[in-house]
Every structure is written in C-alpha cells, then in structure tokens.
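One chain comes next, on its own, written out as structure tokens in the form predicted on its own.
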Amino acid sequence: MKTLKRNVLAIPFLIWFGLLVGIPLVYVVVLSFMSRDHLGNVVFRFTLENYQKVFDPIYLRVFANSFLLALLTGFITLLIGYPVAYITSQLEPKKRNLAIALFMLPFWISSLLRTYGWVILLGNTGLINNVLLALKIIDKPIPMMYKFSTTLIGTVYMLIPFMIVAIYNSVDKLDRSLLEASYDLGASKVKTFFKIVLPLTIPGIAGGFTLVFTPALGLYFISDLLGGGQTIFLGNLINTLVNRGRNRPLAAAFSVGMILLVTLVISIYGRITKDKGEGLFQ
C-alpha cells in the first residue's frame, strides 16, 4: 500500500506511455508479420516474407545510407555544438539567456519552412549562385542540390539545437570548484578540459548524440527536398511504401528494423561512453 502511494504520481505517465507508445508499437510489430492482397489491403495471415525482404541487398544499402547519415550528423553536430555550448556556459547570465533563446528560436518555425530556406539558398537560381554570378566569380550556377552532402547539411542544421542544449545542460552543472582545484594544482586549461570537463560532460554528449541520431534516421522530408530522392533513406522508403506502394506490412517491418537499429546503437554507444568516462577518471 505504501509503495502504491509513493508511485501514484507515476500512474498517469504509465497510462500515457501505454496508450501513446506501447499500443502503437505492438500494432506495428504485429502488422509487420501480416500479408497484403493484390489491392494493398492488409490480410491477417502470418508471414515472414516482410523480414526476408528487409535483408535484401538493395534494402540493406538503404539501412547503410541511413546509418551513415545519422552517424555523420551526430559527429558533426557534436564538433560544432560542444564549443558553442561550452562558450555559452561561460557567458554572463543575461548574455547566456539570450544565447539559449537564439538556439531555441528555430523550434518556433516549421521544419518544412526551414528546409525550404536551404532550397532558396542552394538552388541553381538560389541566393548563393545569384550572388556569385553577379560578382562574376562563376560563369554558370554551381550544382549544390540533390546530393548526399546537401541532405547532411540540412539534417545537421535541423538537429544541432538538440546537441547544443543537451551539452549545455551538462556543462552548466559542472562543479566549478573542481576546475579551480585543477588550476591551483598546476594543470593547464587544455589538460583540465580533457581530464575533468570532458569526462564530466560525457552524459550530455551521449544524450545529445541520442537526440540527434534517432530523428536523423527518419527525417524523410529533408532528403526529399534537398536530396531529390537521389539517395534513399529509411524514412523515404517507409513513407513511399505506405503512401504509394500500399504495402503497410513491409513498411512496418522496416520500422521495426529502424527501432532495433536505434536501440542497438544507443546501447553500444552508452557502454562505450561509460567505459571511456570511467577510464578517464583513473
């Protein structure tokens, strides 16, 4: 009875989790083992054919493309976001609050509109090419659209606020007395950073990487607009199978594969960062 009273506040969360996460997840898993008829309607007949198709070399390449995009997005946002978050944490309170507000400002604008902004910038008739042509630096427009690198730029831009905020929260909670003690003992700023700051902010790095890696696998509209469908990713494939291919069981199988991929990567990354963090303190 006492345990129930202590956990009573968690009951609404558990109900919400079960209704909005648990039931849809179970539905997707069950659907992935179903079949479909020639009209694309779901037939409740058990089959493993959907998962057999997942391991087709063509579809495995889609998994590889998505994994590479998410991995590069995570590393690039980390390289850019860590210095930004660290410098922000050193600012005066008023300037720090302003900087955080600027980081959050993109969330007030539709992701689709922000992606179209890159189309306006990078297109053959876009702002960059028009400026370069006007300055006579180039004779004809530089093709910058519909490439893997363009999709990567858009994904990094879209998700970097998650990395900055996650790392900032970790850096902001650092015990400043540890840094002062390190300086008093003769350690340089570089050594203090690698021996104290970096190990203590590994949870923030792991959290930021997770927040970036996971959505990077499924932001299909970015690759549609900036990549032009030249490189197929998991999000694009699932969207196409549902809306055009009328093959929801196969789309569900790929969704399960995406979930397993995210779970596996997060588990491996979490273990590595834990071991690294413990090693740095020894």
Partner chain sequence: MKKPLLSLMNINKYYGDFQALKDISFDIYQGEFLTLLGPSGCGKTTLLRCIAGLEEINSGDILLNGQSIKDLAPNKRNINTVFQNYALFPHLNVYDNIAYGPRVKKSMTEEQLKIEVQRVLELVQMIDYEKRMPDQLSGGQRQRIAIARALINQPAILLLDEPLGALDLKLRKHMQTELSQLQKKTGTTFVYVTHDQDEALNMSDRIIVIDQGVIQQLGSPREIYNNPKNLFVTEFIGDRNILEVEVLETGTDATKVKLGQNELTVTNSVESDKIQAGGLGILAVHKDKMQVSCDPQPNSIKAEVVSVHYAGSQIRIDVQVADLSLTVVEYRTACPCKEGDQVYLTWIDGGAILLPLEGQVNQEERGLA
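Numbering follows the first chain given and starts at 1. Every value quoted in this text rests on a predicted model; they were computed, and no experiment measured them.
This protein has a second form, the form predicted in complex with its partner chain, left out of what is shown; the following refers to that one.
The candidate stretches are 70-78, 88-96, 178-186, 106-114, and the one lying within 4.5 Å of its partner chain in the predicted bound form by heavy atoms is 178-186. Shown alone here, residue 100 lies farther than 4.5 Å from its partner chain in the predicted bound form, counting heavy atoms only. At a distance threshold of 4.5 angstroms between non-hydrogen atoms, residue 199 is in contact with its partner chain in the predicted bound form. Its partner chain in the predicted bound form is approached by residue 192, whose closest heavy atom lies within 4.5 angstroms of it.
Contact residues in stretch 109-133 (any heavy atom within 4.5 Å of its partner chain, taken in the predicted bound form) are absent; none meets the cut-off.
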